[in-house]
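Taking the form predicted alone, here's one chain by itself in structure tokens.
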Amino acid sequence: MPDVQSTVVEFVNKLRKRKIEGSQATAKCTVELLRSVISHQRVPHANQAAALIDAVKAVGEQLVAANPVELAVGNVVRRVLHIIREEDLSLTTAAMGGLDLLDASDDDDVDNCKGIGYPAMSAAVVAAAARSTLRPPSLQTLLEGTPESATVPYTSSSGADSESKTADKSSLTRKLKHDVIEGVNQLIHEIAGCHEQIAEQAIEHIHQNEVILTLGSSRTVLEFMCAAKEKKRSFRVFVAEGAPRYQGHLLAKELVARGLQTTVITDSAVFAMISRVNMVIIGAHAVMANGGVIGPVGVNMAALAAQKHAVPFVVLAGSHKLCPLYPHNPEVLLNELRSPSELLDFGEFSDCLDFGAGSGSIQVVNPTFDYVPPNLVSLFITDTGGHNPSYMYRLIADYYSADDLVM
């Protein structure tokens, strides 16, 4: 796969140099790259799933190492691995059901064989579908896989019977890559449409004449509020500026352009203004397995202020931001430090920034993210609906396999 390998190297360099930022952009590019890897991967006749899993894991490890703080990369890698395992389980169960049907027909006469209907799905298939509430086994798998084995012509020749079983099993295993790619395409569609799915729920949460506080810049938050505005809801938005990058200024401009009443406040004024606020709505960088949130720096201060004044604290997050890891896991990098130049002018403070001077120099710390514990969160709104923080672990369990948590 020379072409695919060069694409992987190019994408790794982009992640390492932070040329691709934002959870949705990185998630979409990652899953599209993995789809290309799967489509070009040459798999053996046996153990196709293991070959695909090894190939995806090998690429996934490179991507995660390139930018560990972008947790959405690891999330979608694990989602793709889960798709492979679920499709393999579905096809394997269908193949076993078809072979059992043929074995049973060996002892029957031709007339009885003609009366055989489609075999019922086994408990394993039903359990797999129940576990995968997001993406049940594809319709093509159920329609083509099981009936194929059920409609093999009857013959009394044991040699022809054996060939029929082998051909049937082979046809089912060849479908694995096709079904996996189909599942990955569904994942791409899900990531691309997460903003619209979340925005459709805005009318249920934003009411007339309310005051909403937000922090930083989030397209999900923007679309959520604009969707409420389109439903003739009149409300005001307080936007904390999000220093030192001032991402709140960008969001405020977008809100004003869409016709929303917007007020920009400083980050330090959040506690002073929170008593006038009806709800705090923020976008998340990642949602951890315990229900904790990684968001823009300063968001924990807003959460504490909301709790103090009994103001609901609502987090908007697409399903690709749901991380199956816990904050205390050693492989989780919760934060990274940005350039000190965003805080201080090197020219003006050059004398104080002499790091060789020892205790007399200024140390600059400029973190990118903040962590909000689950007890400060009132509600999560995802593309599958609203959920309490205590339910997030169950929702996350539907998206990932336990074997893929550590790569």
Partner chain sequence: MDTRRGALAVPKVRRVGFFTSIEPPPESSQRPNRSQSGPVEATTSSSPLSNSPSGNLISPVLIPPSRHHSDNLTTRVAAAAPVPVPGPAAFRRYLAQDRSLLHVGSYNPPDSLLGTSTPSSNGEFSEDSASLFGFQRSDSTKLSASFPNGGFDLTLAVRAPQESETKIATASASEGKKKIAKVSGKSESVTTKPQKEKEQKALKDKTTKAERRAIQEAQRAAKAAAKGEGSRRADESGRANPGKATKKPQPKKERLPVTSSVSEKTAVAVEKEKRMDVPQTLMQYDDRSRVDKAKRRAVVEQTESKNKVELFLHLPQYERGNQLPNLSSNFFTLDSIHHAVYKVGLQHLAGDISGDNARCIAMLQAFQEAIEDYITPPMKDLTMDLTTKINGYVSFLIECRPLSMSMGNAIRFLKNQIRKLPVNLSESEAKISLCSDIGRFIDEKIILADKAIVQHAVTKIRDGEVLLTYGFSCVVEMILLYAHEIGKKFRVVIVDSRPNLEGQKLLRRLVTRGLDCTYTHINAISYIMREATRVFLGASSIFSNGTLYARVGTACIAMVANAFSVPVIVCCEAYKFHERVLLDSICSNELGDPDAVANIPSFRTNAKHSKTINNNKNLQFLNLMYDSTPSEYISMIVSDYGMIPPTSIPVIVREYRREHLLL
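Here the structure is a predicted model, which means the values were calculated and not measured. Residue numbers count along the first chain shown, from 1.
FYI, the form predicted together with its partner chain isn't displayed, but the following is about it.
Peer 1: Would residue 201 count as a contact of its partner chain in the predicted complex, using a 4.5 angstroms cut-off between non-hydrogen atoms?
Peer 2: Taking the distances in the predicted complex, the answer for residue 201 is no, it never comes within 4.5 Å of its partner chain.
Peer 1: With a cut-off of 4.5 Å between heavy atoms, is residue 327 one of the residues that contacts its partner chain in the predicted complex?
Peer 2: Residue 327 lies outside the contact set for its partner chain.
Peer 1: How about residue 68 - does it come within 4.5 Å of its partner chain in the predicted complex, if we only consider non-hydrogen atoms?
Peer 2: Contact check for residue 68: no, nothing within 4.5 Å of its partner chain in the predicted complex.
Peer 1: Mark residue 298 yes when one of its heavy atoms lies within 4.5 Å of a heavy atom of its partner chain in the predicted complex, and no otherwise.
Peer 2: Residue-level check for residue 298: yes, a contact with its partner chain.
Peer 1: Using a 4.5 Å heavy atom cut-off, which stretch among 68-76, 332-340, 283-291, 192-200 contacts its partner chain in the predicted complex?
Peer 2: That would be 332-340.
Peer 1: Give me the residue from 219, 178, 276, 207 that has a heavy atom within 4.5 Å of its partner chain in the predicted complex.
Peer 2: Selected residue: 276.
Peer 1: If the cut-off is 4.5 angstroms on heavy atoms, which of these, 89, 95, 314, 265, is the one near its partner chain in the predicted complex?
Peer 2: Of 89, 95, 314, 265, the residue with a heavy atom within 4.5 Å of its partner chain in the predicted complex is 265.
Peer 1: Going through 234-259, which residues have a heavy atom within 4.5 Å of its partner chain in the predicted complex? Please give them in sequence order.
Peer 2: Contacts from 234-259: 236, 238, 241, 242, 243, 244, 245, 246, 249, 250, 252, 253, 256, 259.
Peer 1: Having a change of 3 Å or more in the C-alpha distance between residue 298 and residue 330, I'd like to know whether it is closer or farther in the predicted complex than in the form here.
Peer 2: Nearer in the predicted complex, by 3 Å or more.
Peer 1: If the C-alpha spacing of residue 332 and residue 369 moves by 3 Å or more in the predicted complex, is that a move closer or farther apart?
Peer 2: Relative to the shown form, the pair is closer.
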